[in-house]
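Only one chain is shown below, in structure tokens, and it's the form predicted alone.
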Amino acid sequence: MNGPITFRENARADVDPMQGIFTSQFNRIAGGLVDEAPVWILDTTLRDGEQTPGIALSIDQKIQIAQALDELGVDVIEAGFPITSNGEAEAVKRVASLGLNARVCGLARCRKEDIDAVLGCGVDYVHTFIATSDTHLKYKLKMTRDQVMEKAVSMIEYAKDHGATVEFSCEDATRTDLEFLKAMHVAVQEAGVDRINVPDTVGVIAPSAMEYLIGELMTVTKVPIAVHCHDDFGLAVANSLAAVQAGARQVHVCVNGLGERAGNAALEEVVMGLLAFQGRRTNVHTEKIGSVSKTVSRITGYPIPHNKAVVGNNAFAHESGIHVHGVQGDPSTYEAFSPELVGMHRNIVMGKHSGAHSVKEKLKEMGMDLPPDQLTEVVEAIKHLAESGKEVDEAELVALSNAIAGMKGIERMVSLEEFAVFTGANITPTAMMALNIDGEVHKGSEIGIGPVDAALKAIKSVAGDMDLEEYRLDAITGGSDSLCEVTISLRDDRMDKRSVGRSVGADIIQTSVEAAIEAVNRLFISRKG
């Protein structure tokens, strides 16, 4: 196991933290850079994040998320609250046994049985807490301040006697009397605590007040201070950044801002905010943020809002012709930071504010080059559709452009010769594919988790290296005999090319194959160009 207070100090020292971030000069004028030491990230997605209403993770799902967080580079993973159930304890035990680079901790009330439950999971990092606000003392604990202090000190000493790293939280710290809060910090330090967390348990403090509070606590606190902020007023990230500005060394976060009620400070926003506004490094590999965000969304079933900062689909989407033209000239004109920095991609959206330049560039990206008169028709059609309330996506842009161009001058390099898919009960779905590529027939076969997956993998095995970026299936008319519409987006990361194909039909597998072939065609044409 790791030592009592050993953390990665300079894991990302080889990376320029400000590369690809286009910050305001006023951040520097205001004195944003306060310390060159990295800020530690404690991720509590597996504990506080699972307390999000509607989320219940299996042990295997917790392991998947823990491994993703470890690859992301977080310093501490709060794996759970072992005393709550046997299943929770088993999950914490399994995560602790993975041999991760991140420290693994378990949550415990200031009770001997809670701490024993954490230690019994093979975890050497205990995060223990007790409430300190007068409201909690009176209505929840029914204890005096002296009793709370005595309980905290005795339990910290108990955990330290068992060789654990101990982090302590005064629950509801932001509504606790300041002098009593300071006295608690002094007392737990004398008991040997390794770090002290300051939770904004109900999300009720403002950033300026948080900066003041941490500054006051720094006058008596000699161990690292952490902060745990909730988003009830939408200020969890701002409060976390304010705390670091005042001297906090660690921030508690959840991926995608999951957590009780309105959630916790979002990992992706805290990490990027520290970089952009304070020039502060973390040990997080920012380029993996996008993929981890999607992984957590998929496993938890909680969708990422399109307008979510950093990782939402619209975070790097541009529609206005002026904006598109500027971004294509220099991304800093209309982007706060480069999408590649967080593992995302720029998206040019077609709508009533799109200009001919952005439409032309978007079509060129997908392997189409229309003459000026046809391009003008496409732009006018897009604006007409958008003004009537119709959203024009990439697949519809392709279809619209094809209709106007009449497919004239658009080369087809790939065509479907034949395919077959075998599936059924107790049969592994298998697909065989034959494609005519530039006059030569190529064949391949693959298995998948379903018939569509097998078919798409078979196409990839024949057509070459490309990644499925998006698969969308929509019913057009409704009913059991409804026609389906399949949209497929492919990406060639080596050449930074992407393409979209769409098809309509009665059979989902057949339609999916046709859409994929259309996307492959456009990718091949784009490569050729």
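Start at 1 with the first residue shown and count on from there. What you see is a predicted model; the values in this text were computed from it and never measured.
What comes next is about the form predicted in complex with a small molecule, which is not displayed.
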Given that the small molecule is left out here, which of K497, K460, R47, R502 has a heavy atom within 4.5 Å of it in the predicted complex? R47
Among L107, V284, A248, C254, which has any heavy atom within 4.5 Å of the small molecule in the predicted complex? L107
Given 193 to 201, 297 to 305, 151 to 159, 269 to 277, the stretch touching the small molecule in the predicted complex at heavy atoms within 4.5 Å is 193 to 201
Would you classify N239 as touching the small molecule in the predicted complex, given a 4.5 Å non-hydrogen atom cut-off? no
Using a 4.5 Å heavy atom cut-off, state whether F129 contacts the small molecule in the predicted complex. yes
Does any heavy atom of E171 come within 4.5 Å of a heavy atom of the small molecule in the predicted complex? yes
